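Only one chain is given next, in structure tokens, and it is the form predicted on its own.
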């Protein structure tokens, strides 16, 4: 701008600035409510899975029995969330919901409602429902853990093509839905908002280099096994994915390991060598929540089938907090104190030595592998028990057997 022009306009600038600011403020006052009004209500953008049930009854019934359907319902989650909120900064309070109710990413302003839904013990909204997965259009794998991108609208994404035409929604096939990366989005580690996520190892282990993954078997091959059925009511029967997501509480747990053992009797001392081969391409168990552990249980029964010796080994990740003490809450963790998790596809041998049973012609050797019930500080367990409708009978307190093998060994001829 020329000097002459500056001289002519310098006295007018304040006037233009004031008018410009007034115009900007006016535009903001008009625009912001319009922008908010233009955003769909959450119930419209992420409708309840109950609505999907009308056309996808089989899929809904499978989903309803899954752990995903209870992502914001269980007593352990409520108690964990309560403890997290008591310590978290306001800016990080949505962390747990990033996986337990991922649509928080689209409606962060509704965080107080998400919290109240969980605290109600009978939430009206889904945590992880049909739209929370089938509206994901992309995943940013450069982030750790990966971050999903939703595409809200009438298009439902999935892993199959040639979907039946319908008036409810359009359908589009994405290869993402047949890729482990889709599942890793929520099953790898805490969101990056947590300092713990940056300092601690991931939950899955080195799954990318596993033989299972190399052989083209993604997470979905085990946790969403295909069957021949109908996807939508009245549709032609074809290959469809199972939506009960079998795992800890599904049939797939029996195929998670190969269990075997050998026994040697050496006079007054006997030994059992237990061989455990993990068949899964990730850590077993996944160390989230921090109280997850698998128990190897040896029981020796002597005369009259009386247990004369027992011993347990734990596969787990033990976290240490700021004070160095153990914590079962990974968002409190600052370091790993112990890590005995079964690594992806690892074979491990556990050696047990014990006194040979006396005055018995034989002994029964029983080796059991189980998912352990929730454990931790007494006050934490008591809070879960008091909050759970079934108390100690709640699923969280129940042992889940993975595998068991037994034999009878002669001690005397």
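This is a predicted model, so every value here is computed, not measured. Positions refer to the first chain, counted from 1.
Quick note: we don't show the form predicted in complex with ligand HEC, though the next part is all about it.
- Using a 4.5 Å cutoff between non-hydrogen atoms, residue 228 does not count as a contact of ligand HEC in the predicted complex.
- Residue 65 falls outside the set of residues with a heavy atom inside 4.5 Å of ligand HEC in the predicted complex.
- Looking at residue 212, you'd find a heavy atom of it within 4.5 angstroms of ligand HEC in the predicted complex.
- Contact between residue 189 and ligand HEC in the predicted complex is found at the 4.5 Å heavy atom cutoff.
- Using a 4.5 angstroms heavy atom cutoff to ligand HEC in the predicted complex, all of 130, 178 and 203 count as contacting.
- Only one segment in the set 318 to 326, 261 to 269, 169 to 177, 115 to 123 has any non-hydrogen atom within 4.5 angstroms of ligand HEC in the predicted complex, and it is 169 to 177.
- 223 is the sole member of 137, 223, 313, 334 with a non-hydrogen atom within 4.5 Å of ligand HEC in the predicted complex.
- Among 239, 87, 154, 91, the residue placing a heavy atom within 4.5 Å of ligand HEC in the predicted complex is 239.
- Contacts to ligand HEC in the predicted complex (heavy atom within 4.5 Å) from stretch 56 to 71: 56, 59, 60, 63, 67, 68, 70, 71.
- The gap between the Cα atoms of residue 144 and residue 92 is smaller in the predicted complex, by no less than 3 Å, than in this form.
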